[in-house]
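Here are two versions of the same chain, shown separately as structure tokens and labelled structure 1 and structure 2.
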Structure 1
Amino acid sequence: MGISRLGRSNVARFTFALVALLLVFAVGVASAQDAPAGVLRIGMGAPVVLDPSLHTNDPETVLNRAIYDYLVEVLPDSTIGPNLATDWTISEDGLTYTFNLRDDVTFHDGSQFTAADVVFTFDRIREVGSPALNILGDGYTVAADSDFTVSFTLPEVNADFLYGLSAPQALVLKDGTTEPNVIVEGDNPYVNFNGTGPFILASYDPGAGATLVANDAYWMDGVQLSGVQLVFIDDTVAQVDALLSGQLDFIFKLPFAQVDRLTDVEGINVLQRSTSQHPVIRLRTDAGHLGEDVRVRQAFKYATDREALNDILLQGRGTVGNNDPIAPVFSYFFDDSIENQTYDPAMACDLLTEAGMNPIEATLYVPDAFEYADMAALLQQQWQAGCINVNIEVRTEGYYYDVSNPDNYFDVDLGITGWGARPSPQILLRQAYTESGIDTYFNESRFVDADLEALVAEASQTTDQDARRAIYTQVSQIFLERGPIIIPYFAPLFGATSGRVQGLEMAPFVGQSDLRSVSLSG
């Protein structure tokens, strides 16, 4: 029997909140009146995959971004800036990238950072099959030209290579690291959390939280926080309650239903950022699965009223674009002339009859993040008119995105997935809609289309923006005709801070928000 989170009882919400707040107290987070001086308290879901080269979601990135540094990094305006590299040059043929490195950086264990660490890191990224390869490609070679100069050689032009070097998983490890972020027995259980970053891990409880202290030897001036306390609270309602009661300083990825609770509250600042962030409603297309027949994919599109979803769930704050990942925020590449399927449940039924699948009986899997569970309940109602009957299964976010679990996001036939912002549409296309994305657990729909593969490959080597725009128009047409996804809207990102937080600029991919610029008043 299907379930609806739209009607979840107040008792259930209170129970979730109470349990979460007990966890907050369990890890010793102080109230607003006696909050630890200089310690930023962040409420978030519990990390699952800790390996810096393999993590994928925002809580994991928050933890690793505090401990490690990037060679170069994506700035809030989606441009690339220096970090461990001071500057770089690109050869005229676009195949060689040479970086000069800082010579005043040490790891937490006191050892010197050099080019050997960069070489080790990016060799390991390739060896472990990091998601960063969806942007970097796996054909590059990396070499130390000197102790503080490193070069990458590419087999072909990759217009987004710098974005690959600043991917969430491209954090620099110490040369020879064998067990990154593995807790061990003994007097120094966190010896494997050895980065060059602004904070050092002091304690970690997988069920409660983590404490990090400032790295006094950090190479960059101006870091003002004395520490960061991560409090693991999976339920976003409980996160909001904890912020309102003074137990937390920063929460992110707020469901729209919770934003109104915080608006105009004294001592609370609501943060909003336009992004390419979006939910994807997707069907698996490989043989024997629900979306193998193109007519079924089309039926789901006709059965979905995207404007209604935006109006009800986001109060119209989202942008209804095309059913492809080229978001309106990528204004130069977005084609607003594409005419998408309108809501027509009768057409959906006709298509399913043609496909011999009227009615469809299926299970829709969804994470308990953002407004996605409520979206599932609305889809259940809309789809029923289009001859699609679904039961809904809600999973905790950490469980859902862990591919070692049985009904995880990558394996289910029909699911909703949250995609965080990317600085370029090419990154989303390469990660989630090409054959290589299957091996890295990103192409969850298993959509492999020869025309799309060729266009994405061409765009990767096209630095001329006009030519790239023409390619993306063809990409949008493919998704219109045979794509396995529905993107109901592109959503702004919401977060909130306590009044004592200064200088926090929320990144579009929020896990990469730079805490080095943050200070606390009071």
Structure 2
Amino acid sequence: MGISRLGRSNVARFTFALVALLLVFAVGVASAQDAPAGVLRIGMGAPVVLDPSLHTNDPETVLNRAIYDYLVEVLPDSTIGPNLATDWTISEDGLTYTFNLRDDVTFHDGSQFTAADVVFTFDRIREVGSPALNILGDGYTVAADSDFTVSFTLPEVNADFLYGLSAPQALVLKDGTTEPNVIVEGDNPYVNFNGTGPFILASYDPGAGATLVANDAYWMDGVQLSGVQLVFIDDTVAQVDALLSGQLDFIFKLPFAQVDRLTDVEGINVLQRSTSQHPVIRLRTDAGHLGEDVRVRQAFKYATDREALNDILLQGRGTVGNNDPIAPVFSYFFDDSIENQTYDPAMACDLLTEAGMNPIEATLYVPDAFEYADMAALLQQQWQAGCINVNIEVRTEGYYYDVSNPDNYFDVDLGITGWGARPSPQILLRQAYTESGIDTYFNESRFVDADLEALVAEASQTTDQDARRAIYTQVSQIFLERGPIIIPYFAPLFGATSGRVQGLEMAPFVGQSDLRSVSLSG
């Protein structure tokens, strides 16, 4: 008999091995295919700063956006829409904003949401020095006119104030919360994660992930997800692998190289979103530096083939705009009639000869992030034809963006830096291209232009959209003539979902994507 020849112990071993193999296979299949019903699984890096008023990056925003609500929010078309505030009025002098609040909203602990919570939130934002102040300014006062009416008073007109109220950190907290998002000992460790948002935190493991369940008492109808599972995976390649193997439903901020992996894969949808995020190739313009002479700035522009950079680096998926931060995605403010310098290396050489700087020998510094090192290699070739010879120095991101290091992004003559998406061009113009931006390490080109300063100041106080558009056209003209920057393209944002995800639209600042409209099939 076969069994007797094999021996009982061998049969037992064989059976055990077979069962173990089947179990492993079954567990593998289950984990890959039995996605929890109604639970959206998002793969992302681990949050570090949890405080809703202080967090900065997308994973931190995803977590907070699920738990808390904004007073108003930026809609997919970049306009401002209601949220906890149903409507608002702006006084004629543009200094007072009055909001009517919803009266049917409760926090996760069951308490009523009132104007006092809004006052507490925005007082705290100022006290802790939240990044939201970059748009809000720190001179506002906020007061409750009634239980469900709140007013903000500004020291001067701020045309972007509503964008400030929808900044990632402007999430509304419960009045009196002393330690928001701090895990405590005891039966209810997540008591400090007390928002009005669509999801309630059920578990949080800093090294692994977080689980959120739907808030049954949520004020908005139509939230279809029964929960959200955040899976912390820092490596984007591993995120893609997890999506392909069916362990995730949504990943975002994909490197371009990974997008190609997912394109045309059955059961995977690649999402693309135009944004205002862009690399900047910039020259320092202060005395004694490379870009002091306007002709040199112009030469760099003529020596740069932006279309080729977009074609090669992003396979044409980026948007080539003007050489200024008013991105095409700000459709109403973007002036497509500006005639930018086209690739003309001979013109670049002529300009440099005229400036007595032919040829230029320089070093191009670049962070080891995104496609920037490749961009530097392409620029080196293009510029060579335009009488500009550069050595490339690649620095790790942490080193490059630390101003205490030599050759940091702020000090070098010629460098590439990355700029993230902003809800309004005004923010970038004020931060990076006015004199006040030098002290805050944003104006890395040290570009100080009296006309530009006046126009940016005027735009910040102009609430009329047509008048503001006219101002921005003049701003673009200044950048065209004497701006020290080249913006090769405005990069799209890429994400991907599994086939069962429906209704997910990525926001330009992807952490703010609204999950309330998302549903899952199957």
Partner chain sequence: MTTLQKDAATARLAETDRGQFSLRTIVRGLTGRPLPLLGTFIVVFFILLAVIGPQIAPYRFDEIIRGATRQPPSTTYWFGTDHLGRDIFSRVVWGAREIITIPLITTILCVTIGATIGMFIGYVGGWADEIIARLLDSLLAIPALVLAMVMLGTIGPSVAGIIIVIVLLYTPIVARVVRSATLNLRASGYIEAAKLRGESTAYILFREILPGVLPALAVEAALRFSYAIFLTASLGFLGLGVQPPSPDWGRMVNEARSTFSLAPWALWFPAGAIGILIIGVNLLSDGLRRVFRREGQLV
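Just so it is clear, the structure is predicted and the values come from calculations on it, not from any experiment. Between two forms, the rigid core is the largest collection of C-alphas that superpose within 1.5 Å. For residue numbers, the reference is structure 1: its sequence is counted from 1.
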Return 1 or 2 according to which structure is the form predicted alone. 1
Of the options V74, Q247, N57, A491, which one coincides with the hinge of the rigid rotation between the two structures? A491
Need one number: degrees of rotation of the smaller rigid part relative to the larger between the two structures. 28
Give the rigid core superposed Cα shift of Y399 between the two structures, in Å, rounded to one decimal. 11.3
What is the Cα shift of T417 between the two structures once the core is superposed, in angstrom? 5.5
